[in-house]
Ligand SMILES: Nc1ncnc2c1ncn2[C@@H]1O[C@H](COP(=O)(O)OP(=O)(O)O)[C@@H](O)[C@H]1O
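Heads up, the chain below is alone and in the form predicted alone; it's given as structure tokens.
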């Protein structure tokens, strides 16, 4: 089933329930949202609000209980794992807190691995630029065991950016980085979105990281309850922190998304 809209990532009345009976928990409680092409969106909310569940359902890593997800123009409903893998390989990159690096490969080999598996020819100049931008220009021949945790996270970020996929999902991508490198990576993500039209969806707890996004979406109890956008209320770190504090204090009643 083809998507009738243009947004690369669309969720329609997505509900995700864990457990059954009286103990069932609505991790997502009917989320409808579009992540448009060329936008960089930060997803925030109090602990347990459903941020990671939203990202996993949007990326096809988890199946909604009800509702529909469209990814890169295709409905994920009914797709088998092989079809999902092929769709993600072609259109999607990931940055998660687990680095998932191949220990026998060098930095550069890890960065180009998804393209190699997909049978694509890497753009060597762009790969070099991305590796340099994440601060690993002098370590291209090192293996993961020779890198710190923060450096391994940089490899994972470079790997996601190098393929210039249409969509990138990132879960706390700067959590293991020092401040300087984190800001460089966030700038690179923002530039990817603006220059290449890439759709980036980033879960974060950091208001500074969120302030680099074009929009910040806030979840409470599995529902989108508010949003900050550039051009309306500028999503500065201070504005993001104030909104998050208000939500965490429970002073904003959730409404239907």
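Residue numbers count along the first chain shown, from 1. Predicted, not measured: the structure shown is a model, and the values here were computed from it.
Beyond what is shown, the protein has a form predicted in complex with this ligand; the following relates to that form.
4.5 Å heavy atom contact, residue 27 and this ligand in the model of the complex: Residue 27 belongs to the contact set for this ligand.
This ligand contact in the model of the complex: residue 226, any heavy atom under 4.5 Å: The answer is no: residue 226 has no heavy atom within 4.5 Å of this ligand.
Distance check, residue 41 to this ligand in the model of the complex, heavy atom within 4.5 Å: Contact with this ligand, no.
4.5 angstroms heavy atom contact with this ligand in the model of the complex for residue 46: Taking the distances in the model of the complex, the answer for residue 46 is yes, it comes within 4.5 Å of this ligand.
Segment that reaches this ligand in the model of the complex - one of 49-57, 204-212, 30-38, 188-196, heavy atoms within 4.5 Å: Selected stretch: 49-57.
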